[in-house]
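As structure tokens, one chain now follows by itself in the form predicted on its own.
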């Protein structure tokens, strides 16, 4: 699951000049969620294919509930809630907020209807506007600005989830529907560049967020780590390279796998990445543009940590630590094939020319690092402190964002985390090796 937690942010300019920009970004974020849901029918928006995924309607309502519960009710004195029972329907993990619909049963919420959810969003959006027009944000305390920033980033996380969850739903459909029609490929049909490894010196490196704008609490405190010299692949592992792993019997060789991974492979009958299926001797993968032939040049995606680790073992390499990944990202622009490009799937890497490519966007990159607190970490007080801290066990960190991550959402210090068996997100890998 994506982290949705407390903000570690400070105002870097006076509040009065900042508020109009904040209001504009809030409105844009709210509009983007509706735009992402627009190609879907109301029936599409109600169904839940598995426990990890949630219905589109629920994402639209939950992000709205967040603003209502954490921002409007505490800060707008005459606010009137839209419907009292929505608290139960659309709370997620906030135990301190009371009882809620179980996660695996969100698809049973045929009521409220999708139209009622849209009406709920419109109601909350109008009331959020009042915070700005009536001066609550300009004259309000810094915590309100911080909570609004958190609300925007929280909604961006659910925008990515909305897309990956609808992909999961459509992959279960016998008709294999497409979220949108396939788009022309801008890149020429050429072979992937051979993988190169870029060397990085060891030493003491600062890790964690060090700026004054928004970040999640799990990105800090900033601290020093000791790195030994290492090399990092200049691009992500491709589908073509993964096919070679499959043809070499990688899914059938227990010596490549962690014990829990091997148990998962056998119990789930995995023999390929998620959403892959073979038709007439050709591997296809379900995408947001429907079932398409696997592009051998594009980064492999929808793989679990177990699969990523097994592939690294087969290749004679390893996965990078999250600290190696973050240190290597220094000096690179936080830009790439994310939601803003409109590709909606990973793209082949361009020439590396001695530099790293695909560090941001395309696929979330598994690291070998367990998701744990940094030294000195303390969860925020109150209900918003429930998420990150209580999930710091039994999960692994991923870095870099994906083709479904909203533009501007990630940073070099951004820590995503999933359980090692999960693969419905756009997850892939980059190889690493020791330099000494």
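Numbering follows the first chain given and starts at 1. On a predicted model such as this, the values are computed, not experimentally measured, just so you know.
There is another form of this protein, the form predicted together with another copy of the chain, and it is not shown here; the text below is about that form.
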Does residue 28 reach another copy of the chain in the predicted complex if we count a contact as any heavy atom within 4.5 Å? no
When the contact criterion is heavy atoms within 4.5 Å, does residue 177 count as touching another copy of the chain in the predicted complex? yes
Answer with yes or no whether residue 57 is in contact with another copy of the chain in the predicted complex, where contact means some heavy atom within 4.5 Å. yes
Taking another copy of the chain as it sits in the predicted complex, is residue 47 in contact with it (heavy atom to heavy atom, 4.5 Å or less)? yes
Site check 67, 185 and 424: each within 4.5 Å of another copy of the chain in the predicted complex by heavy atom: no
In the predicted complex, which of the stretches 145 to 153, 126 to 134, 73 to 81, 220 to 228 has residues with heavy atoms within 4.5 Å of another copy of the chain? 220 to 228
Of 243, 122, 291, 109, which one comes within 4.5 Å of another copy of the chain in the predicted complex, counting heavy atoms only? 109
Single option in 257, 275, 360, 209 placed near another copy of the chain in the predicted complex, where near means a heavy atom within 4.5 Å: 257
Within 394 to 429, the residues that have a heavy atom no more than 4.5 Å from another copy of the chain in the predicted complex: 394, 396, 419, 420
